[in-house]
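As structure tokens, one chain now follows by itself in the form predicted alone.
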């Protein structure tokens, strides 16, 4: 069975990073293909190369033996179904339900954070005053991290103790907080540092930092390729 994950520019595409991490953490073999997003049709979901693999005109997209899956969370769920219980979702049903809610909140919410803190692994900015919507999103994420880490600290260092899809979905958030100088303390800071120290994330980051071909060509990839 051929498994191909199509991703966007690694410096910018947080949504590509999320299922990429899930596949790596699940030890599912896959071929990676990067599609440059700075092409005609960018911003309109009309890039021909993307449309050839994703009917929605977005990346990431997974191709599995002729089947196309074009949403980041759907790809992560597919990966979870390929491995043993507890590998990508918590094994306990109640904990798993909360983990899914936390992941879905990231998948569909935090519009201000997406708009004002687009992922850019190469960039570092001084702290700034955020718009109220953005500040509220940041505070909600920090509250969520601190509460879940306090609840699951005895079970391991990840959001729900063991590593899960939820951690993959919040890894790009940790990069955004680092990029834009969002100050974290206590459990939230420790958790962000854990995400950024993950070996698979470091491999993605290495590729992003090594590729300068898109530098200065387009800002704000984040909000358009979800």
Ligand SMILES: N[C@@H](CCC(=O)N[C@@H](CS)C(=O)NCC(=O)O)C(=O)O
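Residue numbers count along the first chain shown, from 1. Remember, predicted model here, so these are calculated numbers, not experimental data.
The next section is about a form of this same protein that is not shown, the form predicted in complex with this ligand.
- Of the stretches 94-102, 123-131, 150-158, 68-76, only 68-76 has residues with a heavy atom within 4.5 Å of this ligand in the predicted bound form.
- Though this ligand is absent from this view, in the predicted bound form it lies within 4.5 Å of a heavy atom of just one residue from 44, 193, 31, 183, which is 44.
- If you check this ligand in the predicted bound form, you find no heavy atom from any of 117, 137 and 175 within 4.5 Å.
- Among heavy atoms of residue 58, some come within 4.5 Å of this ligand in the predicted bound form.
- In the predicted bound form, residue 37 approaches this ligand with a heavy atom inside 4.5 Å.
- For the chain shown alone, residue 15 is a contact residue for this ligand in the predicted bound form, at least one non-hydrogen atom being within 4.5 angstroms.
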